[in-house]
Each structure stands twice: as C-alpha cells, then as structure tokens.
Ligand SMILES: Cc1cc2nc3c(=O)[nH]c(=O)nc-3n(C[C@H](O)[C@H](O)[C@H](O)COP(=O)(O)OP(=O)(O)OC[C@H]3O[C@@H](n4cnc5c(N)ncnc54)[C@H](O)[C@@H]3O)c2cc1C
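Presented as structure tokens, the chain that follows is alone, the form predicted on its own.
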C-alpha cells in the first residue's frame, strides 16, 4: 500500500503527531511503524514520567503550558498526579538565573519562591556547602507540575489515532531506506527522496512522505542518507530506592510530595511514598558521551554520582535498598535544547526534546502536523498560536533552555 504519510516511532511524540495529523485531515492514509509491541514501550517508557512548566526558555514554557493544559482534560486516562516540583538553587545558581526568575509570570506558572525556612517545612535537608556540594539558598515551588504515565499518554494518542482510521504496525524495525532511482552516486540535479523503507523481515513500505519521530536514534538513522539532524543521544540512568522511613527526608506525613531537584550535579528525586520508594536520577553533562549503547543502568554510577549527593543533603537517610534500575536516552538538540522539526525532500524529523518530550508532546505533535500540512501557524491546546518555522533549523527562532534535568 502506498501511504500519504509513514511515521516511524510510536513513542509519545510519534503518536501525538500521527493523531493530530489525522485529526486535521481525516482523509490522509497514515501508517505508524513501531519497533516495540505497544505504543510508548521504547524510550518513552524509560522516562521518569514527570511533567513541569518551569523552563528558562519562553519557547519551552509555551510548549509545556499548552500541553499540560490538554493533559488535565484526560487526567484519569493518563494517571496524571499533580504533586508539584521543588527546585532548589545554590546562591551561585540563584544569582546566575535571577534575571530569568524575576521575569517569570509567577501567577500564570503557579509558582512560589521559597526561602530556607519554607523549604524546611518540607524537607529535612542540609543547607550548608562544602568543597563538593553547593549550599541551598532558595527554591522555586511549582504547583502545576507532577507525574503521569508516559506509556498511557502514548497509548492515548495511538488509540485515538486508530479510532480516526489510522494504522499502526508493531514489532517492525526499520533497517534501511531506498532512495529514488537506482543510482549509487547522486548528482545535484537529481530529485532525491525516500521511495520506501525496508524492515527487519524484508518487507517494503511505500509512502509519499516519511516522518521520523525516532528520538535519540534520529541522527543514527538519518546521517546514513546525508541528513545532519542536529540531534544527539545521551544516556540517562534512573534508580529506585526502597526507604524504610520517609521521615528521614520529608517533614510531613504526606504521599503528595513534590519532585525535588537538588543543586548538586543535577540530581533529582521523584517520591513514590505510597510504595515507600524514591526514584533518583542525575542530569550529568560533561564526561558523558553522546552515543547509543543499551538500556542498562550501572549501580556503580549510582554509588559514585548520586549516593554521595543524597548522603550529603539528607544525612538522616539511611537503611535504604537499591532495588530497581534502568536507563533511557535524551535526544539533545545543540545548542539551544529546544525541539527540532525540520524537513528535507519528503523527509521530516521531529526530535531534540532534550529530556522534556513528555511535557511538551501535545504541542510538538500539533506543530509537526501543521508543518506537514504546510501551514504557517499551529493552534495549541490553550488556543495560542505558534509559528511553525520557529522550531526549524533554517528559520529557527527560540531562546536557550537552561533548566535541563
């Protein structure tokens, strides 16, 4: 069958894009090809599944705010839990970002600035610094943030897409592309496009247009046919700790505790206190390579990079068990860490979400669908307009995102 669009990847971005494209034009014949047996069971499922609207970039805030607004309309279906974020800053970090923080629309973002006394109402934490770890001066408490089921979100879009007449094929890995013509070398005047894809069983898939919603794998796939996607993969590891007594960290008996971002090394905590668990991760940067390897986490990484931070800021935290570990990949776009939606010939790629794809997936899907229809502006879930070319590479207009965890 010759499709109008084939979308590679049924993660949260690919599924959202397919749904919004089919919603905007139900007559399109659209196929999603997915490597896993369910939507959202690839890299999407490896996420910490947190969402927030606090970003330094106006672009990021716009994408996240509108997406979260939509998520609340389907809250039960995606297991949305509004627990908040508590982002802690050292004095140096606070001063460096003070101009950004002062210009945040606190009412619209639903945020409060916390001093040490207010932070202490939540946490039994060490505010002092030493040679390795910075002090804690202030915090930003973000009310309209929390967690959801990343898989449920991807499946919501995938199922909605199917209900509109879309088609998904699972357990198929794309192995190669067949470009137009039979040439080995291409002249500048040749019309070069993808004619069809070939999967791991040798089956061919023909389409007029191909959309790569392949996240951290985008550069690997597209560089083989001469496309510089400007997106690079970086491994992120997560660990589950079973804690016997949550009062070693938290000052309230409350299961509705916010996610916590510590000022050292990008270490963050997702409390799941109904299971006596905290999920911890680290947004490390320099020293971690940009390449794909596997989904395995290394306990030694926890011992060297995360455990010392937890022990310093929470000296009472003892008698916990490391019982769960996994890894996924951020798809980084350099230098601004905002998403990329670009096309060459009949090839479009949407990636570069830099760890916040779930938080922005609805807006990104709407914008990508609008770009495929060649419209200038996308309408987001909050009825605001977004200029599609702002996320392109050639006419890009975004501001740098600094708040990456």
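Positions refer to the first chain, counted from 1. As the structure is a prediction and not an experimental result, all values here were calculated from the model.
Not on display, but discussed next: the form predicted together with the named molecule.
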I need to confirm a contact call. Of 309, 238, 243, 142, which residue comes within 4.5 Å of the named molecule in the predicted bound form, counting heavy atoms only? 238
The named molecule: the contacting residue among 89, 330, 157, 313 in the predicted bound form [heavy atom, 4.5 Å]: 330
334-342, 353-361, 366-374, 22-30: which one contacts the named molecule in the predicted bound form at 4.5 Å, heavy atom to heavy atom? 353-361
Is it the case that 113, 136 and 251 all touch the named molecule in the predicted bound form, with a non-hydrogen atom of each within 4.5 angstroms? no
Non-hydrogen atom contact residue 10 with the named molecule in the predicted bound form at 4.5 angstroms: yes
Since only the chain is shown here, I'm wondering whether residue 36 would be in contact with the named molecule in the predicted bound form (any heavy atom pair within 4.5 Å). yes
Would you classify residue 268 as touching the named molecule in the predicted bound form, given a 4.5 Å non-hydrogen atom cut-off? yes
So in the predicted bound form, does residue 60 come within 4.5 Å of the named molecule, heavy atom to heavy atom? no
Could you list which residues of 34-55 come within 4.5 Å of the named molecule in the predicted bound form, counting heavy atoms only? 34, 35, 36, 42, 43, 44, 46, 47, 48, 49, 50
